[in-house]
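Here we start with a single chain on its own, the form predicted on its own, put down as structure tokens.
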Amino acid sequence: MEKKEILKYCIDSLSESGVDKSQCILNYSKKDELNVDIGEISLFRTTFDTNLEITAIHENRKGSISINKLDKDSIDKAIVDLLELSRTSEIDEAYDISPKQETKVFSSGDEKPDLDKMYSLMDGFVVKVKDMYPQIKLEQAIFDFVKTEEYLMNSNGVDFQSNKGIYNFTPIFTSKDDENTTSFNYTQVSLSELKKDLLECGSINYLLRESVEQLKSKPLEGKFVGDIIITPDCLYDFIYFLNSINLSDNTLISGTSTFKDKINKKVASPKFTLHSNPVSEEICNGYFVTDDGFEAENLTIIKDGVLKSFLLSQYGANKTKLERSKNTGGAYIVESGDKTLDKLIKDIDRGIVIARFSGGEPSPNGDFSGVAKNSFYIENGEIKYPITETMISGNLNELLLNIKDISKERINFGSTVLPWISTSGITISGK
């Protein structure tokens, strides 16, 4: 069967079995991947992945099943298993599928990878890193091109197709000299086109330079409440935590979100504006369709410190009686501020620049603690020295309210566009 015929077959089969509503998502992907291990190009491979997810809702009971074999016998067996799942699940009137929308085909990125260019850029990256940063040890670097075709259909007549081609580059590295070795660091950048050297993409050059500087790291003495500057790489973690404990289905349905009654109320500094823009021209690695079958739209979550939207799916919206989000999050863009990064640093009496956070998810009230890695100590407006792993703790909600400044500079990672953010009231615990 052709790709759309597979989805239509599933939906028709479920309808004939008496199911009230159904949705099917078929995803094909091809990955061409080039690897560096221990500073040398070591591997090129091509992999394929196929996944069919079928969902059925009957008498307010829901079942879902995923398979990676698309022959008729495998699909028929999956449908039988799915019907049993849907008959035995808990009743929940919030289960639903998306309504009929205009049939669309979405496309972005290249159809095929430029493999010669990929190899040339990877080879050039390895050579330049060795030349510019001889202390850097490239533990691994992965450069891939992923071509994805996704088809979504449901029994209400929704019919979407998304085609996306995207390059992704992920270097993982440490620095080493005769005496010291740094903590590892990494980053990832997504690209729609191969127009510039990999060293110039995202935050890669920043992090390599800082990794070498961190060979002279030393312990931070004492415990104090101070400021932190969160780098673009690290900022994503805190936005992820914000979504997880305050904006998502689970916490809003359970009522544990501290933001549950704060739509159109202040939740952050007026300097902070956060968007989720999966179809923005600034984002090359976004998405066109939500998992629950809606065309994705750009969305402002927080504007000038005021909460404008949660990130609720259709199910979450039905459960909470709140408005469904226009998308499912990600593709985050934080608007830039009016001060340079250098000025953010000069305005800090005592604190740290945190480049990587290692810690668990915050508690429901926003309290968090963890280790600041690949970080630097600031005193009297100057970066004094890189520090070894240092504990930090605070409250995520207070962190947002205490934002002092946001940098003019931003890093476009392809999947996010993020600045440096300075905030206060963080407990920093040295030795």
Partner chain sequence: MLINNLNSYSSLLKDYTELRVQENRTLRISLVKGNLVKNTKEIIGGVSARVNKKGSWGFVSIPEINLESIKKAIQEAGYNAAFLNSKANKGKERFLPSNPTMEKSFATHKTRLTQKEIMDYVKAVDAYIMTKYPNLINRDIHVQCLDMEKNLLTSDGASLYSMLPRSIIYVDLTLEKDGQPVNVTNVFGGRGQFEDNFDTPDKLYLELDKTYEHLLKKSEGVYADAGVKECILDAKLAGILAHEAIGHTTESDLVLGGSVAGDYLNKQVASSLVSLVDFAHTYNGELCPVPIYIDDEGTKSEDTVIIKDGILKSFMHNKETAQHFNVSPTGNARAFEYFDEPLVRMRNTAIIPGNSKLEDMIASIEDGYYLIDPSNGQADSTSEFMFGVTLGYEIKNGKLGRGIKDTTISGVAFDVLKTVSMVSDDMNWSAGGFCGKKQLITVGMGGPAVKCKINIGGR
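If you're wondering where the values come from, they're calculated on a predicted model, not measured in any experiment. Residue numbers count along the first chain shown, from 1.
Another form exists, predicted together with its partner chain; not displayed. Remarks below refer to it.
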message: Would you classify residue 44 as touching its partner chain in the predicted complex, given a 4.5 Å non-hydrogen atom cut-off?
response: yes
query: Given that the partner is absent here, does residue 325 sit within 4.5 Å of its partner chain in the predicted complex, heavy atoms only?
result: no
query: Taking the shortest heavy atom distance, is residue 359 within 4.5 Å of its partner chain in the predicted complex?
result: yes
task: Evaluate residue 67 for contact with its partner chain in the predicted complex, applying a 4.5 angstroms cut-off between non-hydrogen atoms, and reply yes or no.
output: yes
query: Out of 149, 297, 92, 282, which one falls within 4.5 Å of its partner chain in the predicted complex, going by heavy atoms?
result: 92
task: State the residue from 244, 108, 140, 101 whose non-hydrogen atoms include one within 4.5 Å of its partner chain in the predicted complex.
output: 140
- prompt: its partner chain isn't shown here, but in the predicted complex, which of 315-323, 155-163, 200-208, 331-339 has heavy atoms within 4.5 Å of it?
  reply: 315-323
- request: Give a yes or no on whether every one of 16, 309 and 415 sits within 4.5 angstroms of its partner chain in the predicted complex by heavy atom.
  value: no
query: Quick one: which residues from 220-248 get a non-hydrogen atom within 4.5 Å of its partner chain in the predicted complex?
result: 223
